[in-house]
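Form predicted alone, single chain, as structure tokens, below.
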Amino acid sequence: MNKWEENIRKVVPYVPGEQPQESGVIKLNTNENPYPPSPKVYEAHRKIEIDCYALYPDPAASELVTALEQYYGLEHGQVFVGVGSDDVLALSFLTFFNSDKPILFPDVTYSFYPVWADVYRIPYECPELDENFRIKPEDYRRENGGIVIANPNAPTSIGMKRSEVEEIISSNPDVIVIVDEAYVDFGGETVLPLLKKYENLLVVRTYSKSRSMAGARIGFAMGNKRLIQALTDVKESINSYTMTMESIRIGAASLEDEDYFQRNLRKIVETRESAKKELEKRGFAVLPSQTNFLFAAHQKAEGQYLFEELRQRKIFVRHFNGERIGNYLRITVGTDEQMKRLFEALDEILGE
């Protein structure tokens, strides 16, 4: 090893879902929305003049922040926006988890959490989910430097009741509790009403799933004004101009079309429930989902085998090699036609 290499920060990076570039692929591996965003998003995009791209965007993203505050009934200063919820979460780890005590998050959850902890040298511990892959609130009643909970959880797809999350928040008044609600619009129970009750609560959301805008990279956090100001101070100490002018405009426009938003959510939930039944007919055990994906294990066929066979047929799902979840597939809910193709492929594979 060269001497200069000794000072390089070394971490095991997060591995995102595969992004196949070939044609004819059915992509059910990254929990994207199969439907386009609202026509109002396209209209806002179309109205942007080319000259605007020569200028720096508003560092405060005021248009988008104001729209989000109004949409969620919050006061000015209660919303922070970033380049996707990953950006918001990473900044939140950096801002709020600064003690020598370990932060807590489940042993099976979003696999970016331990990566951020390692990057920022934050100690952490991972209480185990129970035998049904559910979070046990009592496991979070111990000394810690902060807590992050994905609700509904990923990759398990299971949601907690608000009262269960509140049990964790109320038991930890001296640390920040982050609730990652990336999938809450698909049937989860939000903790947003608890913002008025708990100053140590930060709720993080994304446009990538329910709003069909993964490519725009828009995430946001909601909390009390002191938390949001702390996040803003850290962000502006790194890079003031994080969001593009276009993302600010189209993000605000998306909030203006509630009917379209709700129709898309209903379509995905209906397809999810019918897909769950189809998988169960084929011998899968499927966890109860409040997300836009299903977490399923076949009673006989191994998860790795099914993953590889589907991939050969240009159907991409997600497989994790974790000790407790190695036999499971995470399957994004696509269109009805895409799910039909998936079931046809599974019938062929399982028939063999």
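Just so it is clear, the model here is predicted, and its values are computed rather than measured. For every residue, the number given is its place in the sequence shown, counted from 1.
Omitted here: the form predicted in complex with a further copy of the same chain. The next part is about that form.
The candidate stretches are 160-168, 265-273, 216-224, 70-78, and the one lying within 4.5 Å of a further copy of the same chain in the model of the complex by heavy atoms is 216-224.
Note on the partner interface in the model of the complex: the residue among 192, 253, 175, 154 having a heavy atom within 4.5 angstroms of a further copy of the same chain is 175. The closest non-hydrogen atom of residue 327 lies beyond 4.5 Å of a further copy of the same chain in the model of the complex. Though the partner is left out of this view, residue 126 does not reach within 4.5 Å of a further copy of the same chain in the model of the complex, counting heavy atoms only. Although the partner is absent from this view, residue 257 stays clear of a further copy of the same chain in the model of the complex, with no non-hydrogen atom inside 4.5 angstroms. A residue is said to contact a partner when one of its heavy atoms sits within 4.5 Å of a partner heavy atom; residue 59 meets this definition for a further copy of the same chain in the model of the complex. Interface residues of 229-265, taken as those with a heavy atom within 4.5 Å of a further copy of the same chain in the model of the complex (partner not displayed): 230, 233, 234, 236, 237, 238, 239, 240, 241, 242, 243, 244, 245, 246, 247, 250, in sequence order.
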